[in-house]
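Next up: a single chain in structure tokens, the form predicted alone.
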Amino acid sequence: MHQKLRLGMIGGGLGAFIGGVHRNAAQLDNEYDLVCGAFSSNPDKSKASGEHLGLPASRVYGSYQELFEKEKQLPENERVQVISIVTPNHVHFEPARLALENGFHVILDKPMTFSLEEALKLQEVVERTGNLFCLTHTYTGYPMVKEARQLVASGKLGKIRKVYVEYPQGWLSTFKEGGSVESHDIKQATWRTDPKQSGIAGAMGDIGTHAFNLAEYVSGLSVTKINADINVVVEGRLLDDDGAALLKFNNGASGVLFATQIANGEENNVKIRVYGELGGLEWQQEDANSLQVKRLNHPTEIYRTAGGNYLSSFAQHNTRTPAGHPEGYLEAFANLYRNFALCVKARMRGEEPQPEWQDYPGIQDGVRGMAFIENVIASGKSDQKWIDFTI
């Protein structure tokens, strides 16, 4: 009989965007059953959210501290097993720490913590407790992104020379934060541009970390130096809404990263291009089913999701629909949730997870993401510009 993992959620109450995305992703493969939650720092809102989701009142909590205290008192076959944390950045570290230390596995929305200092502390907790940890860098869940990573790792592009990665958005082209209207955009803008909730970075923390993670994930390389230009374009905004960085990688390759939230008319067209001695590749979210593979003096090849046995086992494992049907954002999110569930269940059986299952972002990705935020902001403020990428 198929056994579902018991899932609890912290944050993501009524009116929240990302909570619904996580819940949909968790349910797509029937691997999780949402059994409890502390959906808001406001106990009444948490209760209302739990009622809306059909949870029993006894499993809806007024705080994450109460959730852990009450859940660990339940019989082992009833208590929650995996905690999904979908709060603003400043409420990532403490619930993640408590979850891990109370014996629960953790799925955490990015960026991992409020600061690099917190990230390093959380890494120590993960290593000390031995519990599993997943960070939801969504774009690594797309089948063609996984195929791109495997093509690079197999050596088909040769030694990597150049990486271009970009994430343009336009939704913060005007000043939205701080308004009195209870709209989705205003609530999202208010906390994402508030240093007390978001941390030291705005666009670079929110979407720049996605671009950075994608660059390292696909290329298999690590950034060693960074040279950044960071901007606040919209008057009155407290954190960056635009920026770019030159990158140096550990094999000598160079790169360019830009992330902006003031590109009018842009939605979420994440894009990456990687070039090596033997060829290059290109992927963008607006045509997520396609991966372009390029070689000198050859026609461009287009690899397609569900394209057949020429795709790697990693791409095939994360493909859900027949050829021609779009593999989208929710499916990419769900791939992370499913792979994590398969690893948790393998551990419960005392088995080693398959390599394809283990292909999800983890604690090291989170630490490097927070290091990116601190280094890119430091470089942007510095007259020196080129600085070593330090952790």
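The shown structure was predicted, so the numbers you read here are calculated from the model rather than taken from an experiment. Heads up: residue numbers just count along the shown sequence, starting at 1.
What comes next is about the form predicted in complex with a further copy of the same chain, which is not displayed.
Undergrad: Looking at Ala215, Leu122, Ala228, Ala189, which has any heavy atom no more than 4.5 Å from a further copy of the same chain in the model of the complex?
TA: Of Ala215, Leu122, Ala228, Ala189, the residue with a heavy atom within 4.5 Å of a further copy of the same chain in the model of the complex is Ala228.
Undergrad: State the residue from Glu127, Glu117, Glu286, Glu101 whose non-hydrogen atoms include one within 4.5 Å of a further copy of the same chain in the model of the complex.
TA: Of the listed residues, the single hit is Glu286.
Undergrad: Name the stretch, out of 89-97, 215-223, 195-203, 302-310, where some heavy atom lies within 4.5 Å of a further copy of the same chain in the model of the complex.
TA: Only one stretch passes the 4.5 Å heavy-atom test: 302-310.
Undergrad: Does at least one non-hydrogen atom of Ile363 fall within 4.5 angstroms of a further copy of the same chain in the model of the complex?
TA: Ile363 lies outside the contact set for a further copy of the same chain.
Undergrad: Please run the contact check for Glu266 against a further copy of the same chain in the model of the complex: heavy atoms, 4.5 angstroms, yes or no?
TA: Glu266 belongs to the contact set for a further copy of the same chain.
Undergrad: Do Gly350 and a further copy of the same chain share at least one heavy atom pair within 4.5 Å in the model of the complex?
TA: Because no heavy atom of Gly350 falls inside 4.5 Å of a further copy of the same chain in the model of the complex, the answer is no.
Undergrad: Please determine whether Val35 contacts a further copy of the same chain in the model of the complex, using a 4.5 Å cut-off between heavy atoms.
TA: No.
Undergrad: Heavy atom within 4.5 Å of a further copy of the same chain in the model of the complex: which residues of 320-341 meet that condition, in order?
TA: Going through 320-341 in order - heavy atoms within 4.5 Å of a further copy of the same chain in the model of the complex - the hits are Arg320, Thr321, Pro322, Ala323, Gly324, His325, Pro326, Gly328, Tyr329, Leu330, Glu331.
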